[in-house]
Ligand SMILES: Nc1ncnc2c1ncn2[C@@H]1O[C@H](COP(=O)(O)OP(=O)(O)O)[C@@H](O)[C@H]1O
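Single chain ahead, by itself, as structure tokens, in the form predicted alone.
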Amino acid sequence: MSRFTITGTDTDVGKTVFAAGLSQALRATYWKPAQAGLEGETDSEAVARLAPDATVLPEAYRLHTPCSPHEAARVDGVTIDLAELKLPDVEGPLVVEGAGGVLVPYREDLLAADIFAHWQLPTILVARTALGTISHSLMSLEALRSREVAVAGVAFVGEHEPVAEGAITRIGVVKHLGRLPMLEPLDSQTLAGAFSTHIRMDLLA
């Protein structure tokens, strides 16, 4: 069964687009446990638009302020409870997208990587190919592995950067799952085509 957590090296690295592509490719159930920021299109709404064959579940927490979940929850007067972040009981493939990066706090005593360790799902790290990605990616891999989170691989988003991509996969001892280019326009058809062409689904089997 294909069940994965999707995380990123930072916010806005393209992990929602990757999660949508993977959800469509697997015909998976997609779940974003905590959405911080409700103005405009949410991540769940973006996945529903980009992955028409996926099933999108409602978030456990819908927080109004676009910032880290712990602060958005404080502003809303909410305390995020790990019990509410229990993985959904669904059949078939499951794609779970975390908020922000690996060490984003959901509470001051509960980081994203702690939740991933609790779930015990293979985790895919999504990394941009821009300057700084080597350090951000290797630190993210260390944070995951220090909590004994299995890393299924790294997927890149952006322009081809063979030096950075090679360094991350060799030093980080991690699978290179492929690289999604920036898509214009970005819609379900262009994403499905790019995902089929550029992402190594065979490495996730």
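Position 1 is the first residue in the sequence shown; the rest follow in order. Everything quoted here is computed from the prediction, not taken from an experiment.
The next section is about a form of this same protein that is not shown, the form predicted in complex with the ligand.
Undergrad: At 4.5 Å between heavy atoms, is A25 in contact with the ligand in the predicted bound form?
TA: It does not: once the ligand is placed as it appears in the predicted bound form, A25 has no heavy atom within 4.5 Å of it.
Undergrad: Given that the ligand is not shown alongside this chain, does S188 nevertheless sit within 4.5 Å of it in the predicted bound form, heavy atom to heavy atom?
TA: Result no; S188 lies far from the ligand in the predicted bound form.
Undergrad: Would L183 count as a contact of the ligand in the predicted bound form, using a 4.5 angstroms cut-off between non-hydrogen atoms?
TA: Heavy-atom contact with the ligand at 4.5 Å: present for L183.
Undergrad: Report yes if any heavy atom of V157 sits within 4.5 Å of a heavy atom of the ligand in the predicted bound form; otherwise report no.
TA: V157: yes, in contact with the ligand in the predicted bound form.
Undergrad: Of 63-71, 173-181, 134-142, 159-167, which is the one stretch near the ligand in the predicted bound form, taking non-hydrogen atoms within 4.5 angstroms as near?
TA: Checking each option against the 4.5 Å cut-off leaves 173-181.
Undergrad: For 11-46: residues with a non-hydrogen atom within 4.5 angstroms of the ligand in the predicted bound form?
TA: T11, D12, V13, G14, K15, T16, V17, D43, in sequence order.
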